[in-house]
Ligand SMILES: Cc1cc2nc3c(=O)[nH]c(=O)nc-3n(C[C@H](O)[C@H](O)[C@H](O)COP(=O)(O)OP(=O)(O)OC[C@H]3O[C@@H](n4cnc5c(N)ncnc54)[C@H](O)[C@@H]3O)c2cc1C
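Given next, in structure tokens, is a single chain: the form predicted alone.
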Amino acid sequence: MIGGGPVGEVAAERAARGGLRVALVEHERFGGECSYWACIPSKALLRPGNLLAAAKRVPGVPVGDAVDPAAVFARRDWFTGKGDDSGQVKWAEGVGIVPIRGHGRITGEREVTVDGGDVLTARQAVIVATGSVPRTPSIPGLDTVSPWGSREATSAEAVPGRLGVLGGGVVGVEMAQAFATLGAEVHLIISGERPLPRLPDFAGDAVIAGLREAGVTVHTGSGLDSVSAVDGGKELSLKGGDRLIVDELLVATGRRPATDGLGVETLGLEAGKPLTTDDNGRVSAVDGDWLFAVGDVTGRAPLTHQGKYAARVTGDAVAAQAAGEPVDSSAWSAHSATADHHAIPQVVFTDPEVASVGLAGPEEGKPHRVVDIDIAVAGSSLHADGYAGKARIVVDTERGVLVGATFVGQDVSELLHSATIAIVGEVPLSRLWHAVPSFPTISEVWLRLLEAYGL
């Protein structure tokens, strides 16, 4: 197993549970990107600001005007252990995994060489879970100013006075809002008219309004022509002629599969490209049923929870193969990551939150109908004064089932799993109508959506 992040750990555990002896090779920290530089620290930075904003929306709650950055950083450090991965190593050993610290490189069929020395030979399979790395744009001068990537942002020890953020994806909007609530003057630079372009327009519109309410200056329809170091900071030359001086620049323009230095060239594959797999996790371009991949490195669904789902599937498939048992490749089986094609849930933890699963809108030529409504129920009114939110469902009208859902508003992430269950389970809307939401909760929006559809 190459890659000891949360996805690799899950695949290793499932394989070990299935009776295999598993070596887990990791060149940085066991626990990986999500634990120390991404999901966990970013949400720890966001939560206090979101909570402060929520408290201000309910009269009678004693609340201050700002968060305490030192306390926020200290809480983040508690969650990340300041990079101490000894607990993860002990966990691995406790479930029968052999943790090996070093850089693993594929040097032959079923063969992994660690840091050019120890050679590991797998009797059954090699599973790759090396994740992804930031995609750096080609901008004149960028390499001269030591820009932040997501790691530098989530591990920052101080709040910069002025922060520029390039990119309107999830990392860009989340970190722009986090540092604005921590007290930075934040400039978000995006190429389109709204962030989160893969989501419905109303989601991007709501997030951009929330960012501006938090004090973020959003430069739409823009980008960077060049960057240079100047006295007092970094000068950003924006498309259109505007110039900004910032103390730090966060570049959040996407990620790519981490296959550099992995040795995939020995297998006839190209470094920097995803390891394309089937739904069992087998790398499609390699013969012999011995090379598998899970998580971001596959390019399938670059989210920690979805990677861990694929890891459970693949770990079990490899264990079944080793035991001489049939590997079931049929849709929705225990050995098939079918949900990657139909029901990928994701939450953007800004204020307001955005929660989505499945299709964001109708597919051309398909029997799809979209229903959009405001989230305006008793539960939302009680939840926060002036609650503003929207909900969308996408329905396959031939089958009468959900194929997509999007929610925008305060705390809508808790609505998402019910939508995911409805899509995965292909619950007919006529039956879903009988799932009565409790009153008064925000979940009553489900009833309003079905009524708007015509039930």
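Numbering starts at 1 and follows the sequence shown. Keep in mind the model is a prediction, meaning the values are calculated, not measured.
Quick note: we don't show the form predicted in complex with the ligand, though the next part is all about it.
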Three or more ligand atoms within 2.4 Å of the backbone or C-beta would mean blocked. So with the ligand superimposed as it binds in the predicted bound form, which is it here, open or blocked? open
Please identify the residue among 102, 233, 272, 215 with any heavy atom within 4.5 Å of the ligand in the predicted bound form. 102
Single option in 125, 359, 72, 262 placed near the ligand in the predicted bound form, where near means a heavy atom within 4.5 Å: 262
The ligand isn't shown here, but in the predicted bound form, which of 329 to 337, 380 to 388, 288 to 296, 264 to 272 has heavy atoms within 4.5 Å of it? 288 to 296
Answer with yes or no whether residue 305 is in contact with the ligand in the predicted bound form, where contact means some heavy atom within 4.5 Å. yes
Any of the heavy atoms of residue 255 lying within 4.5 Å of the ligand in the predicted bound form? yes
Should residue 47 be classed as touching the ligand in the predicted bound form when contacts are defined as heavy atoms within 4.5 Å? no
I'd like to know whether residue 177 contacts the ligand in the predicted bound form, with contact meaning heavy atoms within 4.5 angstroms. no
Residues of 344 to 380 having any heavy atom within 4.5 Å of the ligand in the predicted bound form, listed in sequence order: 349
